[in-house]
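Form predicted on its own, single chain, as C-alpha cells, below.
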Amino acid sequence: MSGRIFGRFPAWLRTLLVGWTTPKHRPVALIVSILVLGVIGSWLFSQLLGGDDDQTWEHIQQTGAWRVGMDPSFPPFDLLDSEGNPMGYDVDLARAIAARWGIQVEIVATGFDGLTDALMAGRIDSVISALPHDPRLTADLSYSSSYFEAGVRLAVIESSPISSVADLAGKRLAVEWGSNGDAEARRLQRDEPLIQRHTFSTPQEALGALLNGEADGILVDGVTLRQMQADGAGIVAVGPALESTPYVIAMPLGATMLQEEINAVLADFVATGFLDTLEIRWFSGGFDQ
C-alpha cells in the first residue's frame, strides 16, 4: 500500500492497520483484514466519489442560479407568452423551489429530445419539463419524487356508482382508439371479459359518449383528464392510476444534495396544497394570461 494513499486514511484507521499487523495479533489477522478492507472500501468510496455528489448543488449555491432545462412547447406545463418568455406550471414550480433556496432560476429552452443530453453534459443543472420517470435512465441520471401523475385514470360522471375498476363488469368503457387508455382497457378485458370496450377517434368523442350516457366510464391520461375537468366536464377520477406516469425533476447522477433539497421542497408543496394550487391555475386557463 503506497504511503500516499495510507496517509489519506484518518488517524484511527492508520492505528488500526498498524496495530493488527504485529506478530502478537497475526492469528486473527485474516478476520481483521476482512473487516478492515470493508471499512477501507467504504471510506475510500466516500472520499474519492462522495465529493462529486454535491458538485451540482455547490455550483448552484456559489452562482446563486439554478439552470433548469425546459421545452416550452407543452401547455399548460411549458409554453411561451406573447413576448417569448417562458411560462406555465413547470416555470412556476421551478421559481417556487428556487425561492425557497433564495436563488434565481435560469430557464434554458431546449428541445425535449435534447434535455437529458444537456443535463449529462453539464449545460443545465436540472430538467423540469413534464418529464416522465424513465427507469431505463436511472443509471445515467437521478429523479425527484413525483409532482404530477399523468398516467391513465378511470373517470366517471359525478353521480356514478362506480368507485373502482372492480365495478366495471358489464359496463361500457370509452377510450381513444390506440391510446394508452385503449391498451389499459384491453388489459382489463383480459381479467374481466364482461367489460365492453368502445373506441373513438378522439378523447373528446369518448368524453361525449360518457356525458351522453353511451358509456359508463372513460380511460384517459391524467393531463387530458385535468383539461376536461377544467373545461367544465362533470367527471371525477376514481381509484389510482392504472398505468402510473409520474412527472419528475431530473438532475445529474449522484447529485444527492440537490435531490434531497428538491424532494424536501416538493413534500412541503404537497402538504401545503401548493401543487394543487398550480394545477387549478394552469388547468383553468392560466396559460391565457
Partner chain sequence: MNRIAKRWGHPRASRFIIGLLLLFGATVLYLALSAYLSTVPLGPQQVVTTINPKMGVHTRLTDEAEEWKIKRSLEMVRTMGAPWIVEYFPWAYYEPEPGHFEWNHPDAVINHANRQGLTVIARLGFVPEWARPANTLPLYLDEEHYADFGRFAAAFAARYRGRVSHIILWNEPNLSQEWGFRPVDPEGYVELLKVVYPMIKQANPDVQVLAGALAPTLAPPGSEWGMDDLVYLQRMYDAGARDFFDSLAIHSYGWSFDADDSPDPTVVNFRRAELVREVMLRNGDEGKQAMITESGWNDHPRWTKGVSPGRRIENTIRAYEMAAEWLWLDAIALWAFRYPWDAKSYQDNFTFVGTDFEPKPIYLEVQTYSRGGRPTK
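Computed from a prediction, not measured in an experiment: that's the story for all the values here. Positions refer to the first chain, counted from 1.
The protein also exists as the form predicted together with the partner chain; that form is not presented, and the subsequent description refers to it.
Annotated contact segment (heavy atom within 4.5 Å of the partner chain in the model of the complex): 194-202, selected among 210-218, 156-164, 100-108, 194-202. Of the residues 81, 140, 117, 134, just one reaches the partner chain in the model of the complex with a heavy atom at 4.5 Å or closer; this is 134. Heavy atoms of residue 149 never reach within 4.5 Å of the partner chain in the model of the complex, leaving it off the interface.
Although the partner is absent from this view, residue 122 stays clear of the partner chain in the model of the complex, with no non-hydrogen atom inside 4.5 angstroms.
Remark: residue 145 does not count among the residues lining the partner chain in the model of the complex, judged by a heavy atom distance of 4.5 Å or less. Residue 187 belongs to the set of residues with a heavy atom inside 4.5 Å of the partner chain in the model of the complex. Taking a 4.5 Å heavy atom cutoff to the partner chain in the model of the complex, the contacting residues in 169-193 are 176, 177, 178, 179, 182, 183, 186, 187, 190.
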